[in-house]
Every structure is written in structure tokens, then in C-alpha cells.
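Shown here is one chain on its own, the form predicted alone, set out as C-alpha cells.
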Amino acid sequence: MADKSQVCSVWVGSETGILKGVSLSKKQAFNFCEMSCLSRDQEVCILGWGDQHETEVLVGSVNGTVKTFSTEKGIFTETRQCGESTQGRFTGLAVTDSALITCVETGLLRVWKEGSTDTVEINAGTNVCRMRQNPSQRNQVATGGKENGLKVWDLERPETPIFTSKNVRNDWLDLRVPEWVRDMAFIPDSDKIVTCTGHHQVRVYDPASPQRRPVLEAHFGEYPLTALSLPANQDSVVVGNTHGELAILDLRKGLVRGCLKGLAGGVRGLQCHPSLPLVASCGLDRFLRVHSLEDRSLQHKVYLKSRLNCVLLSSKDLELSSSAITGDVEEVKEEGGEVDEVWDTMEMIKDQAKKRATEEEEAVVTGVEKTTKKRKVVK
């Protein structure tokens, strides 16, 4: 399995509990799991890198286990019980120099120190939808959820958050605006944080400014936003919603630059490549798609047979060719090729059969007309 995992540049987690690796250069996909003991409680809900060299993939399951998959060996090397199914799904996974960070829906944020049974526990509030780590300051994480505003935590001082957002002002009817943070990301080379909400809002917060309300707010579509990711150019953000719509928004003016087409189901996973103008998305339609952010064209489309929850991109070139693979592989074909094969196998309907059928129908109709005429004469 090592030769298969080493060529994979995209990792996807499915509802069936299977970790799928995809090689875009070879148009191949591989399943990394024990097929004999699959169950619904092993559904993969979050993925993350276990180290900076991207040799380990952290797989968070619904049953509260965090598995470590080695991309060099092609096997699962470790399994840790980091929660219970009663506490909700994992909403975030991250690692520091010597600790594992987990967060669940009930708001329990834990820091699991390596080689120690003691854990640091933080109550981030109820109904947490997402937890993200600051890539420049790895001891900082952000949390947010339904009626649970954006909070930034310093894990070295976990008593109180270092930043707590404030809800926007009441609307024109003087009614409170509901909060629902679905995803967030730290903008590099700044203190700003961008979030997307379940009320189709994109907001930018600046903890360095005196105000705790968003410094920028934009709207996209009419449906709840589920995921976002920052491209390499850092002046835009890619968001996806529950109706399979992807859009690129300008973070300077709050305007929509363009939309990425081709999706047929709700977006659950979204990630931009750290150096290339590419974005990968997955969701309920069972497809992994890779779009170009330059011309917004669809570069790759791979059918993976299961409903997908999360996607993880490698920082290397996604189409980098590698050594040949030996063994049984599952070849992934583009959708257009499958459609062409279906049309090629279908039999052609000849026109002669249609002509015979029409002639028989005409003969029956003329026969009926003659009998009706004869009946009238007898009367």
C-alpha cells in the first residue's frame, strides 16, 4: 500500500468511514481502510495533517477516535480515543509541536499533550461548528458556531479568549440579527479573520482594531454557507453553500468576482492549494472537483462512489508524475468518458421498423373506417 499512498495528492473522507486517496496525474483512486469492519460510527468528519512534512494524515471519526495514517507506509499507525459519540462530531483537528488539539460540537476544546495523561480543557460554548488553527501562530485557535460568536483562544493562556466578536447591530426593524458561524480562516500576514455564516454572510474581523464587530460584510446567494478557504493571493476567499454553489469573493470590496460551476450537491469540504491557483471541493454529489481560480474552469472531476465530508490537499504539485504503481488499482475515469461509452454500447434504432409500425397503424385505421361505413349503409 505504500506505493499507492505515496502518489496520492488529494485525501478525502467519506460517510462510510473510508479514507480515499486520489492521484490526479494517474487518474486513480485508492481506498485505505479495513473493509471488513466498516460501520456508520466510523464516518470521517474531519481531516488534517499530523506534521509539517505531510507524512501523516489525522482522521477524525464520529465515534470519537482519531487515527493517524502514514502516507509513506500506506497504513494506519495509531488510534487514539479523544472523545465520545455523545459529545458530538469533531469540528476541528490541529497539532502543535508536542500536542494534539481537538474540538467537538458541544464546545469541548482539548489539548492532548504527548507523553502525558493530563489534558487542557476549554469550554468554547455550545453548538460549535468549526475550529481552526492560526498557521502563523500555532498556539492560537478560533471557534464559532450557532448562536456562538467568533472567539480566538491562546492555548498557553486558556482561561479566557483573547478576542470575542460582537454581533452586528439590529436590523431596520430593530430586531436582533441571528449568529451562525459555519467556518473561518486566518488571513496570512495580518491579524484579520474571515468567517462565513449560515445566513449567507461573509464577514471579516480585525482583533487589532478597537471594534469587535466585523470590519467588512458581504453576502452571497440565499442559502447557508458551509465552507470557505483562502487562495494563495490572499485578497479573496472561496465559499460554498448547501446548494452546490461556489463563488470567489473580493475581501477588499466585498464583491463577487465569479462563480465556479459544475456542482450538483451541497458543499461539505473546500480547500485551496497553498501555492497554486487551484481549489478542491467535495460534497453530497460524491464527486471530487478541482477548479482553476484563474479562468474558473473545471480541471478535474472524479467520482468516488460515497458521499464526501472533507478534503485535504497536499502542498506539492497535484499533477506531479511519479513512479509506476503495481498491484490492483481502481481507475477513475472522467464523467464524459463514461457517458461516451454508454452511448457507444447502445443499439441503433433503424428507420425501417418505424415505417413498418406506421404502415400497420394506418392499415388498422383504414379498416376501422370501412367497417363504420358499412354499418351506416345497413341501417
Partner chain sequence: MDVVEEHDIQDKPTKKKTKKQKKQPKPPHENGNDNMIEKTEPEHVDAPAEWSFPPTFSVSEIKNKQRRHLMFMKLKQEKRKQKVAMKKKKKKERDALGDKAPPKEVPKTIENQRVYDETTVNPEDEEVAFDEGTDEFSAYFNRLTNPKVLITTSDRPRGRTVRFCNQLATVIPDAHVYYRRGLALKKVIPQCIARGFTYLMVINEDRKVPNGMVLCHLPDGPTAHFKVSSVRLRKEMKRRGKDPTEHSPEVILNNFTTRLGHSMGRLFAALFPHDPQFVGRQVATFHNQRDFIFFRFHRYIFKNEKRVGIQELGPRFTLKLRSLQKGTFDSKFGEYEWVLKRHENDVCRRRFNL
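Source: prediction; values computed, not measured. Positions refer to the first chain, counted from 1.
Keep in mind that the form predicted together with the partner chain is not shown, yet the notes after this line are about it.
Interface residue among Gly266, Pro231, Pro207, Pro158, judged by heavy atoms within 4.5 Å of the partner chain in the model of the complex: Gly266.
For the candidate set Asp285, Glu105, Asp154, Asp250, a heavy atom within 4.5 Å of the partner chain in the model of the complex is found for exactly one residue, namely Asp285. This chain is displayed without the partner chain, yet in the model of the complex the stretch 301 to 309 from 301 to 309, 92 to 100, 119 to 127, 188 to 196 comes within 4.5 Å of it by heavy atoms.
At a distance of at most 4.5 angstroms from the partner chain in the model of the complex, all three residues Glu15, Gly244 and Gly262 contribute at least one non-hydrogen atom.
By the criterion of a heavy atom within 4.5 Å, Gln201 is excluded from the residues contacting the partner chain in the model of the complex. The closest non-hydrogen atom of Gln52 lies beyond 4.5 Å of the partner chain in the model of the complex. Using a 4.5 Å cutoff between non-hydrogen atoms, Arg40 counts as a contact of the partner chain in the model of the complex. Contact check for Ser314: no non-hydrogen atom falls within 4.5 Å of the partner chain in the model of the complex. Along 53 to 74, a non-hydrogen atom within 4.5 Å of the partner chain in the model of the complex is carried by no residue at all.
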